[in-house]
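Starting off, we have a lone chain in the form predicted on its own, written out as structure tokens.
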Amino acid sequence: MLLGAIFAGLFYFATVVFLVGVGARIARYARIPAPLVIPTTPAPTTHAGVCARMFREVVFFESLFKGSKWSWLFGWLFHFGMLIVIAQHLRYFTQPVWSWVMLIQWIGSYASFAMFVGLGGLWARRVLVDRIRYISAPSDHLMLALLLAITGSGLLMKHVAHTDIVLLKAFALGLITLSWQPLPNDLVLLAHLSLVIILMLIFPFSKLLHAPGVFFSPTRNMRDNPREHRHVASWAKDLPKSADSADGA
């Protein structure tokens, strides 16, 4: 019971850090002014076109596909696999389990392997490609190592060192209902959960913030219409007309 209480407290703390940190970063992104129209051309000229472009960017990684096919392949494998794995994990936090979560359980193992292969390819790219290795910081390698360790420990529990799923689900449901339950005393499971907690703690301060940040990128979320409409940043709309005229002069 003590082990369950310790990990429950760590998860609550990590969740607060994650939510507050990511929320603060998103609020900061939203406040940053965009004084110029700088979409990467060719760019759409309508709001519908911008929405379609953002959809292709978020779902299909359009710009990455144009830049590097290998990076796109490994990046898409990792992100798609991670999406399925996270959705699959909802079975531990819901009772009864949602029907659509049950439907995707069969693909979970394949998604985990896709996630692992994608991460391995992205790390190999940072080591083997000269121009990528040159701009890679130690934190980039450490982040990939952390994600690989999380994925690898999950695969290990799935296929080699099985854990008590019933007890684990009771612990997960207890986190939701604030009723702490015992946690299986399984070394691989404890390592897996510890790594997840570390990821949640460092996420708001890492490059992983590109996940929400892509929606605030002016190169993607702006219309290419400077000829039709004069773009005035929100912070400049309240300037006195004299100051505005002086700047234009």
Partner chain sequence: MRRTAGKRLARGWIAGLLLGAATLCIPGVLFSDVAKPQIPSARGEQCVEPVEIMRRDHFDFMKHDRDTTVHEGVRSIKHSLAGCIDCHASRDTGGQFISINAEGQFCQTCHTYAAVKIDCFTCHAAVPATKVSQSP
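Just so it is clear, the model here is predicted, and its values are computed rather than measured. Residue numbers count along the first chain shown, from 1.
Below: the form predicted in complex with its partner chain, not depicted.
Here the chain stands by itself, but in the model of the complex one stretch of 218-226, 61-69, 42-50, 201-209, 201-209, has heavy atoms within 4.5 Å of its partner chain. Although the partner is absent here, Y29 lies well away from its partner chain in the model of the complex, with no heavy atom inside 4.5 Å. Contact between I165 and its partner chain in the model of the complex is found at the 4.5 Å heavy atom cutoff. In the model of the complex, its partner chain sits within 4.5 Å of a heavy atom belonging to P184. Although the partner is absent here, R125 lies well away from its partner chain in the model of the complex, with no heavy atom inside 4.5 Å.
In the model of the complex, no residue of the candidate spot (V129, I132 and S136) has a heavy atom lying within 4.5 Å of its partner chain. For the stretch 113-129, the set of residues having any non-hydrogen atom within 4.5 angstroms of its partner chain in the model of the complex is empty.
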